[in-house]
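The chain that follows stands alone, in the form predicted on its own, written as structure tokens.
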Amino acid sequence: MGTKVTAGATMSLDGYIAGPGESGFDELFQWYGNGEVEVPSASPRVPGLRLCAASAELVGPEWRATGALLVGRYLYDMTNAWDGRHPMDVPVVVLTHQRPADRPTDDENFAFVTDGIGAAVAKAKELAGDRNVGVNGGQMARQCLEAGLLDEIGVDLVPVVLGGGKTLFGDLAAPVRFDGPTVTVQGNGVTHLRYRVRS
């Protein structure tokens, strides 16, 4: 089986991956630190995780199977490029209208694509090799889904209501159906759900 393109996010019960004005992250990501299994971070800016055993048993192999990430320029800027290296320790492809002035060339940490979602996914697959490509939720996930480039989605559902904000796929042009859940795992303060995009 070839490289899979997957999108995923932690989501509130009312369907948001971020609250209004990029709020709600403390509520959404409590499960990142409520367990006993340590997951190290490759970023000097982002601390490692402490997951419960059930979450670590699912998420750990998923992360190890990921060879590259695809994100938008907004997230790249918002995180300050994770201070140089993504916490998952894989290269990141950034889809953007214009390359950042401080990065005139690609390197082992970041590649920049300016000619659309198809080219961005192709670059991420190239960098991932025989591993999978992880796609950031929001606009990147929506563009991949609408272009027929997405294979699977993961939802990490947490028991909080945010009341508004950003959804996993933004404003989709039409309804899309999925098969599954193919995986259901109950973690500590989170339910992990996995679905396949229906072909």
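Keep in mind that what you see is a predicted model, and the values were worked out from it rather than measured. For every residue, the number given is its place in the sequence shown, counted from 1.
The discussion below concerns the form predicted in complex with another copy of the chain, not included here.
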Candidate from 44, 48, 170, 60 lying within 4.5 Å of another copy of the chain in the model of the complex - any heavy atom: 170
Contact residue in the model of the complex, chosen from 53, 147, 65, 161 - any heavy atom within 4.5 Å of another copy of the chain: 161
Stretch in contact in the model of the complex with another copy of the chain, which is absent here, among 65-73, 129-137, 153-161, 36-44 (heavy atoms within 4.5 Å): 153-161
Partner contact for residue 5 in the model of the complex: another copy of the chain, 4.5 angstroms, heavy atom: no
Another copy of the chain contact at residue 14 in the model of the complex, heavy atom, 4.5 Å: yes
Contact flag, residue 175 vs another copy of the chain in the model of the complex, heavy atom cut 4.5 Å: yes
Stretch 173-199: residues contacting another copy of the chain in the model of the complex, 4.5 Å heavy atom cut-off: 174, 175, 176, 177, 178, 180, 181, 184, 186, 191, 193, 195
